[in-house]
Every structure is written in C-alpha cells, then in structure tokens.
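The chain that follows stands alone, in the form predicted alone, written as structure tokens.
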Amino acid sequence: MLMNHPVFYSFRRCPYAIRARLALRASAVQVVLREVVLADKPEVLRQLSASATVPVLVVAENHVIDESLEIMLWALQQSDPAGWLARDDERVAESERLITANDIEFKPCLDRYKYSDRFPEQSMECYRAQAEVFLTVLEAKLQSSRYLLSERPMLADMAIFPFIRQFAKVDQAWFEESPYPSLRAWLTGLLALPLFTGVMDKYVQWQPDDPVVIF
C-alpha cells in the first residue's frame, strides 16, 4: 500500500480494467492509480503478476489481486451502497453464470471479431455470428427486466457491459441495425451513467517518480 491506499494498475480502454474501476468507484474505495501502457509495461507490474496484465490491485504487501472480477468483488465487499451484489442464491447463481459466459465464451469470440485479420481461418462475419450467441442470451434476459437481473444495475451488468461496448464499436453501423433493441437500450443507458463517464478520464502513463494520483 501507499499512503494507506491500495495501488491499482490500470489501462483506460481495457474492458477488464474498466469494470474494476467501476466497482472501485461505486464502492468509494480510494486507490492510488497507475496508468499502464500495455506495450511498455513497468517492471514492477511484471513482478506483481505472473501474467503482467491489467488490472492489478495491490491491497497490501502480501495481498495482490490480479483478476478483474476478484477486484470487483473485493471492492464491493468493502462497501456496496448501490446494492450490486445479489443477496439471494438464485440471482447469485445467475450472475455467476452470465459473467462466466461473458469471460469464457464471449470474450474469445469478441477478440476474433475485433481482430479478424489476425484470425484468417474464418471471416469477420463468422466470428460475429459466434459472438451473437451471447448477445441473444442477453437480449432474452432483458425482455423481463430493464437490467440483466433486476430493474437496477447489478454486478452482472457492470461486469459485462464494457465487453458489449467493445463489441458494438467494431462495426457500429451493423450493431445499430442488429436484432438486439433491448441490448442496445441497455448499453446506451449504462454508457450514459455518470459512474461510467467518470471512470473514463484519461491519465498519462505512470512513471516511478510521478506524483501520486488518487482515484
């Protein structure tokens, strides 16, 4: 820790880092922010995490969290004023199911869709169709409530929407005409939240001798 605050390594555009920042801001847990450039990772980050990816949260000298969902849960366990964490077993299980599907099944499809030139085995449209399997699941969930599990945002919404945001930006025109109107409305509403816009401020690349930045 530094100045009694955890140290948080982030990269502005990374959806994993975005969702971690959302939970930190929602919980009002203050951290020392260190903005990382992925092409020029600081040595200290490599020492802290075997994968050397963001986000990484140094809670204490012997307590390092290098998984974004675990950072979200840690922050919300400190304070959850908006009630993101489900309290009933059914919603907890459904939240876990949706987030796992996002992270394990959808994210690889998203990567191939976004960087289709790196995966010439299939077309961009084919990779998009694979990703649409998850979009269809979300669209169906949003028929019965404004958000995925409730009439207000919860952990599943905040853990998943940064990845849907990334998907939508690959081909914005296609997404706007796609057969997912409820998903579009859901995404638009979440992107307009002051919470989201507030965690997307730009910061310069962190250097060891820089002044402390509190997030």
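Model, not experiment: these values are computed from the prediction. Start at 1 and count along the sequence shown; that's the residue number.
Below, we turn to the form predicted together with a small molecule, even though it does not appear here.
Residues placing heavy atoms within 4.5 Å of the small molecule in the model of the complex fall in a single listed stretch, namely 66-74, out of 168-176, 153-161, 66-74, 23-31. Using a 4.5 Å cut-off to the small molecule in the model of the complex, not one of 101, 108 and 128 places a heavy atom inside that distance. Contact with the small molecule in the model of the complex, judged by any heavy atom within 4.5 Å, is made by just one of 54, 58, 187, 149: 54. In the model of the complex, residue 199 stays away from the small molecule, with no heavy atom inside 4.5 Å. The shortest heavy atom separation between residue 38 and the small molecule in the model of the complex is within 4.5 Å.
Within this chain, residue 16 lines the site of the small molecule in the model of the complex, having a heavy atom no more than 4.5 Å away.
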